[in-house]
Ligand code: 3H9
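There is one chain below, alone, in structure tokens, taken in the form predicted on its own.
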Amino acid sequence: MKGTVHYEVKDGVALLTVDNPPVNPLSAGVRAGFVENITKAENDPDVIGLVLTGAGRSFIAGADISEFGTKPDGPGLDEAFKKLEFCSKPVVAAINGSALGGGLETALCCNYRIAGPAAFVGLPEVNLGLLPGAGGTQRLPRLVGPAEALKIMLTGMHVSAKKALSMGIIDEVSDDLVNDSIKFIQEKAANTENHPKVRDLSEKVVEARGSDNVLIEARAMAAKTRKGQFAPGKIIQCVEAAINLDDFDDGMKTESDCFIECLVNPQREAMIHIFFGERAASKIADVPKETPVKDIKKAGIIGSGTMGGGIAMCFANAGIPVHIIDQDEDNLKRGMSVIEKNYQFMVDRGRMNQEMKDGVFGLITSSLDYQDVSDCDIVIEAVYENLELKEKIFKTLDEVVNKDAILASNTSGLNVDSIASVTNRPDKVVGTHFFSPANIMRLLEVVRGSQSSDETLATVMSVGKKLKKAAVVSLNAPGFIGNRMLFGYTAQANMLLLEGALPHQVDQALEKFGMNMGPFRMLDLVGLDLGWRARKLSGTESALPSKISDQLCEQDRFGQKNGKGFYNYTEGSRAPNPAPENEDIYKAVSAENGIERREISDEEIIDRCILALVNEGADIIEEGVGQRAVDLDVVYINGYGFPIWRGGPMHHANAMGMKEVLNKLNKYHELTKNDTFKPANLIKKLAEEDGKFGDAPAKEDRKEKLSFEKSSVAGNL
């Protein structure tokens, strides 16, 4: 059985140490160790109490996810926890590190809880489509009150030792954790006859009885932050049981029933798919594990605009000094002011104190002189998308910055090899596509140039982890992964508009599907004029999907920036209002292009937009632009607002079944005559084999890169 619990007696106290590296999950061997060693301590007349702690940096990080849905070896969690909770001798949990999920639930079964200063606790099961299923929904409300317990469970937040002490989750914070815990339990054993059990506390739940305010606020929070998710409603149902049921075990029965409902719900599989997918995406198939990683002690940013400032905040938040360069003093002052205001906003909201703000903001410096980034270990260019300008900047950086430094471009789709070619260090050039706002959005597309070295890639992926990003590697192909897939999605939304749908119908259908924002709200947010101006400058005629958008721009409707686009906006508000005056434009453009408008169902809207993502994604996988199907899901969950509870577009296709995907693609290909729906070879192959995306292993040999210009989508983006 996996994992063990070491047993030793110190000064009359049994010390139980969970040892199940790297994070001490509650695997079968750990559960068996609880039962065996607690029994041993109870039967030893010289033992007066127990201290439970963890080996390494974790107390207990939670349940063993790999055991979900399987028949457990040895004792189950319920048996192990009963043994712990009803131990005849007092038990203190010495929380030495992370106590998450089942780890905190373990500690809540102990009579007392002491934590090290760096420890943290939480019940983050909601992030996996689950609820705390080992008593967390019943015990935590009894300890901290239903309102605080719901906040912890619905957000999945980590609570520091200091805050946990103030909330009453733990009893003390100690620098000498194990020794102080032994002294603590010795004192309690000598002076206290009845040791408290969390299950017996009732004051805080009874206090909430008879008022629905706590539950109403929790439902409002879940609707806002967990839209479409199943588990939050079940968590609230369990806490409601904790409030209203007198018998603790009746509440546990409710929790057990709700946990099983979550366990069999498809959302659980989808969210665990992403949980493991982010870890898989961080590994590059053909870069050896032993590849050395450069120590990044200082970063440089070129450009102080929205992206440059956001990226600088990412480094500062990770404790890495960062220097911003801009060629315009007014721009630089404005950019630094925005960064300072962002941190002040966090202070005002209670997310950091003034001392923390001063410390983090103090890591960000700025100037107009490129020489000031000469000693940086990585420099990221973050100016607007213009290849000539980026190449000019990289020539300068190559001359100025130390020869061992990595040079990166925050490009959303330009040719990284062209940028690398103007330097004498193409092996140290890479794309780092951050998503706006960079200090908030988790996605980082790492774009692998044809000469990017293993060390460069390994280092940038390591940096992504330090910045707390979900980093995904893409080959150097137009649009990389995310924007290449987005092209077909937005094109289909625009075609649906030409064929008879209206913006609010398309947006509402896709938001009901779970997208954070519909395509026309997104286009208004980004600005309709960006593509329009680029086409006018280049003398390029509007492609069919762009014709309505360009016609709106001709009427000075640019989106949120000037209060009118596909929607109308009132000053100071981002809320979209109907724009019935646009309907004549839609009808006229449709007629000019020989398109007869018709009624379009929500089902067709969802199918066409989502299948456009899936079909393009299949080509990306087959070409090797993305390493694995799950990498594409990680991109769309973290960068494009795809609902996490659907697991990403490729997982969603797997859930549909590949034969159904193929049938729908053929249907819409016949209906629209649009090659967007010409089934990808990989989909046809998987449909024949009754297979799924992800069945094929990650591409191992990625040394032969695609030609950027010859890529199948180069002309479309």
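The first residue of the sequence shown is number 1, and the count goes up from there. Note that the structure is predicted; figures quoted are calculated from it, not measured.
One more form of this protein exists, namely the form predicted in complex with (S)-3-Hydroxyhexanoyl-CoA; it is left out here, but the text below deals with it.
A.B. asks: Indicate whether (S)-3-Hydroxyhexanoyl-CoA has at least one heavy atom within 4.5 Å of a heavy atom of residue 47 in the model of the complex.
C.D. replies: Flag for residue 47 set to no.
A.B. asks: Indicate whether residue 33 is a 4.5 Å heavy atom neighbour of (S)-3-Hydroxyhexanoyl-CoA in the model of the complex.
C.D. replies: Taking the distances in the model of the complex, the answer for residue 33 is no, it never comes within 4.5 Å of (S)-3-Hydroxyhexanoyl-CoA.
A.B. asks: Using a 4.5 angstroms cut-off on non-hydrogen atoms, would residue 465 count as touching (S)-3-Hydroxyhexanoyl-CoA in the model of the complex?
C.D. replies: Within the cut-off, so yes.
A.B. asks: Contact with (S)-3-Hydroxyhexanoyl-CoA in the model of the complex for residue 279, defined as at least one heavy atom pair within 4.5 Å: yes or no?
C.D. replies: Looking in the model of the complex, residue contacts with (S)-3-Hydroxyhexanoyl-CoA include residue 279, since a heavy atom lies within 4.5 Å.
A.B. asks: Give a yes or no on whether every one of 98, 128 and 275 sits within 4.5 angstroms of (S)-3-Hydroxyhexanoyl-CoA in the model of the complex by heavy atom.
C.D. replies: Checked in the model of the complex: all three residues contact (S)-3-Hydroxyhexanoyl-CoA.
A.B. asks: So which of 41, 63, 28, 682 reaches within 4.5 angstroms of (S)-3-Hydroxyhexanoyl-CoA in the model of the complex, heavy atom to heavy atom?
C.D. replies: Checked against the cut-off, the match is 63.
A.B. asks: Please identify the residue among 77, 600, 414, 144 with any heavy atom within 4.5 Å of (S)-3-Hydroxyhexanoyl-CoA in the model of the complex.
C.D. replies: So the residue touching (S)-3-Hydroxyhexanoyl-CoA in the model of the complex, by this definition, is 77.
A.B. asks: (S)-3-Hydroxyhexanoyl-CoA isn't shown here, but in the model of the complex, which of 647 to 655, 673 to 681, 686 to 694, 54 to 62 has heavy atoms within 4.5 Å of it?
C.D. replies: It is 54 to 62 that comes within 4.5 Å of the partner.
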